[in-house]
Each structure stands twice: as structure tokens, then as C-alpha cells.
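A single chain, nothing else alongside it, follows as C-alpha cells in the form predicted on its own.
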């Protein structure tokens, strides 16, 4: 275990986003970079992610970003020697209503613009691709994305950090930041239990702790931790790791194979969030499984795969992904404090979108970012024209409506 040091660039956060930021910055030629993690790397929110990587999106900007990120996952081992365990098993999205069919058509139209291969499936073709779905009578349309897949979060983070270390990045674990000194309007240093260290640029990429770290620098940013959970069953006949990822927006459900088991989760309609002001930079954010919520996911899944209902639960996972009130990343330099940079508000895309978010971060530091990347700037929340109560409610609503549905025509 190394310790913090003086550095030109200090990244705070050892999960997927922080690790991706370290690698992309070093690959871009930035030098004297260190990454700090309050615990061990990938021990917090990132480790709790289901890892689904979906490229089909209703807007061109987001679709192109996810496609670029997915290409990184495909090529990473060949380019760096480190495996992210990306499995390109494809994905199926089901529509159970005319409204959802309209969403699939919108996604397919965007895919045509971006060059992403997608295909509407007949019922027979759906059963061929996804034989574990025994009941499909309620399905009005199914969209197949053959180049989607999933990855394992721990492998992802380990791969980023292995490649980053090869480029000179140092990593200090169990190094919680307890203070940030701002002098003459710029970041001057940070403090940990090991002492105070100089830095020219501090990048906050600490997931649900990002708002608390920003407060150490005198800023208030609405980065809201919202509880997310899923479960993994005992072995279920017919399920395996190469089955496609599954999404059913009407019932806020996703699933995939995990070896010979089923990984199943979703986005409940009554979410649980934490007031960001109650989160400190060193707080431990724990949660117990909500069996009522997990039971709802299991019930929804058993409508398509009845065997899931009778399978025991082998493990549950709970994490606190950070959401923003407008559902967009909080990425880029903070004008009010020179040298302070945010890479937060991932809105449950911290693992699957880590490469894309790191690309946006890098672009935001060029001095000439695109209009879309400029729209992600933390400056949109400074000076504060929002209330904590509204920000928390709106961020939680982003979670509760994670799978957006178009307005019926």
C-alpha cells in the first residue's frame, strides 16, 4: 500500500470512474498523477454494480458515447494486456405496450443514425435467441442489440488501474481525504490522516461521496446517493453466462445470466435516497436488502421465466449510485475554484459508462469542449439556484424513471 504524496493531478475515488479517469489522463500524456481511495479500490459502489453495457439509446449523443465506451471495453485487453471480462452476449429489450413499442422505434431510429446494429425480433426469433424466456405472450415487440453485453466491475477497475500504473500513475488506498485547502481561489492542497499534500488539480470522482468532498472545498453540488439493489439466484435450469442481457422498461426490470444463475434487479417506483448534507467524506454507506423490493423484481421476472420464482436467493447487492437532479453527469472544471474538477453524478452509469465519462472529462479539460460536454459542467449548479429538498426529490425521480417512456401520441 502506497501513501499520498504531492502531485500535479490528484484523483479522489478508486471506483470505476476514478480508475477510468486515471487511465485516460495518463494515456493522453498527463504526468504526475495519483489516485486516492478511502478504502480499497472497487470496494464501494462500483463493486455493487450489475455491469450491464447497453449502447441503444434514444438520443444520438448518448448512443455515440456508449458505443465509443463499449469499443474501449472490447479492445482494452488487446491494447493494454489487462482484461475487463467484457462479454458481448447481446441484449434484448421488451415492449409490453404501444407506448413502449414507440420507445423501441425511437431507439431503433437513433441506432440507424449512429450505425449501431439492432433488429426487431419475431416471437419465434426471440425464443431462439432467449430460450430461457418461457412466456412471451405479453410481449408486443422485442429489440435485439447483438453487440451489447456486460462486464465484471472488479475486473474493469483492476484493468484500468493496471494500465494506468504502467503509464506512471500511483495509487494510495485507505487514504480518505479529510480536507481541501483553497487559496486565492484555487486548490492548493488536500489533507489525509497521513498529512497535507500539495496538488495543482484535484479531480473528485468519488461516487456518492463526491458532494461531501466538494463541500470540503466550499462548494454545494446536488450529488444525491440513491439506493439500488439486485439479487443473484441459486442455479436455474436453462440459464448461463452467454444469454443476452434483458430489459423490460414497463416493469423497471433488468436481468442477465451469471454463470448458471440469474442476476435480476430493477428501479423501484418509490426510491430511497440520502440527503447529501448528511454524507461526510469518510462516511460508510451501508444498506440491508429490502426483501419486498427484491421480491417485486423476482415476481416481475417470473412472468417471463417462471423457474426464477422457485429459485433460492444466493446473494443480494446494495449500492448508492449518485444521481443529479437533471439526470446528466456532473463533469468538468469548477470555474469558482481553479484546479477543482468533478467527475460525478453518474446516474447509475458509473461502471458501464466509465470510459465515456472519462472521455467527457478529458474533453472538458481541453479548453474547447463540445456544447454537450459544456452542458455537463458543474457550473450549472453554481451559484446555487436550487434547494436541497428539490434537488433530492428530482434526483430520486431520475432513478425512479430510469427507463424513460415516451408520451403516448
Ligand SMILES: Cc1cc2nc3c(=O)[nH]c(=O)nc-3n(C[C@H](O)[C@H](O)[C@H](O)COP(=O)(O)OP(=O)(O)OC[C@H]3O[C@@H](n4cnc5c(N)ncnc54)[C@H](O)[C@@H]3O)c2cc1C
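Residue numbers count along the first chain shown, from 1. Just so it is clear, the structure is predicted and the values come from calculations on it, not from any experiment.
Here the subject shifts to the form predicted together with this ligand, a form of this protein not shown in this document.
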Could you tell me if all three of 97, 301 and 304 have a heavy atom no more than 4.5 Å from this ligand in the predicted complex? no
Looking in the predicted complex, any heavy atom of residue 160 within 4.5 Å of this ligand? no
Does any part of residue 360 reach within 4.5 Å of this ligand in the predicted complex? Heavy atoms only, please. no
Taking heavy atoms and a 4.5 Å cut-off, does residue 318 contact this ligand in the predicted complex? yes
Report yes if any heavy atom of residue 177 sits within 4.5 Å of a heavy atom of this ligand in the predicted complex; otherwise report no. yes
Residue among 56, 65, 341, 50 with a heavy atom within 4.5 Å of this ligand in the predicted complex: 50
So which of 281, 118, 337, 171 gets a non-hydrogen atom within 4.5 Å of this ligand in the predicted complex? 281
Option from 105 to 113, 126 to 134, 318 to 326, 84 to 92 whose residues, in the predicted complex, bring a heavy atom within 4.5 Å of this ligand: 318 to 326
So which bits of 180 to 216 sit within 4.5 Å of this ligand in the predicted complex, heavy atoms only? 205, 206, 207, 208, 209, 213
